[in-house]
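Next up: a single chain in structure tokens, the form predicted on its own.
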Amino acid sequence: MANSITKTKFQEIKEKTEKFIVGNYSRHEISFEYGVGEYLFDSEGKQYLDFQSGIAVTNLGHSEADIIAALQEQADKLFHTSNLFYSKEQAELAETLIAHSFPGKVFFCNSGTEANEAAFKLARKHSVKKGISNPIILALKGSFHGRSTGAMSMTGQEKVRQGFGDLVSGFHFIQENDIEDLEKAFSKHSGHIAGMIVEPILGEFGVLPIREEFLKRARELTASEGAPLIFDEIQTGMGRTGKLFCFQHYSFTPDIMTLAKGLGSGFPMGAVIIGEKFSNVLEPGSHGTTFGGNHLAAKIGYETIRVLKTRDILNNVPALSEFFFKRLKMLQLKFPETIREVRGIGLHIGVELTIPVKSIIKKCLENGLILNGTNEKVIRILPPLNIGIERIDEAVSIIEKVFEGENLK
């Protein structure tokens, strides 16, 4: 009788995944079982330092006690009713979002894609109300705004748009950080501009910060057209750059801001903050969502902001960022032919290499460090905001070890 082969937990999980789940993701050969703070533990018990944060989602790390307490408290009361009724949790979260951003109103949804879709519809509806024919929304060539049909249509990166046939028309893509190209677009489409959407940092395009002078000029030009300037802060929001929202680094305010990712600390949650001038564009029946802003999501969102604002987390990010950048710059001096640039704001960091990062990411993972690659040659680093300097030093040491093992010069 043949000996039976005992499968590991991971092998069982992988087999079921490949049998029953659509294969639209390229997955690492790991399944995580639980997390504590900045650490994740896989199904076989191995420990990893998480410097991906679920792609800027678990900004407070894993198993944050106050978030768990808020979830448990609300779970004992109510998960969901619907947006046909008033909600204490929604009202309190909306109030605190407005108090910490700019005057206006909030629309709740479930994800970043949905937030951007809502902003897109709002901008188009506002332009229709104004009687604009052939409305145009401006976006950046390196942008990424989501994977619904509308959000893909606003996305400048061709690799995201390809393979789905004709998308929504009415978009013009501008070269990022090119003020001349920006002004040409406004001149070309003057009188037809419905709005402009921009990520302050192009996360999926290699963690590329947009220069303040470019953003400021976009603010001036949209205002002159009476069109909304939309900040996509899905990745940069919720403290990632050292401010609660990235726009707070600048001397001006957008008209609309989209949020998700870190807003729910891992619980699906999205929001659109709409400035006063545009806050009444979406009337009853013009847009909606079944799950958006349900009692449980709103409670967790509120608690996430409370934790960020009542501890020294945001105050500590600049010092942590400075230390991180110094360590990475030292690494760049050691490997000048491999590391092209270190860039970012706060703890939203990109390390651009001269080689593809796929093998580097894999080797770091084998050494217990979770990172993310973006735009083929950029290591994207997104640690929890409440990380310690010792863990930052440990992470850079792992990267250095991998570079040395790869014989990089």
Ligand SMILES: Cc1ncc(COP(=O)(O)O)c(C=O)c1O
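When you see a residue number, it is the position in the sequence shown, counting from 1. Keep in mind that what you see is a predicted model, and the values were worked out from it rather than measured.
Same protein, other form: the form predicted in complex with this ligand, not shown, and the subject of what follows.
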query	finding
Interface membership of E204, this ligand in the predicted bound form, 4.5 Å heavy atom rule	yes
Contact test in the predicted bound form: I234 vs this ligand, heavy atoms, 4.5 Å	yes
This ligand contact at G264 in the predicted bound form, heavy atom, 4.5 Å	no
Contact of G112 with this ligand in the predicted bound form (heavy atom, 4.5 Å)	yes
E199, E176, E303, D255 - the one with a heavy atom within 4.5 Å of this ligand in the predicted bound form	E199
Position in contact with this ligand when the complex is considered in the predicted bound form, options F186, F245, F107, F144, heavy atoms within 4.5 Å	F144
This ligand in the predicted bound form: contacting segment from 165-173, 67-75, 144-152, 84-92, heavy atom within 4.5 Å	144-152
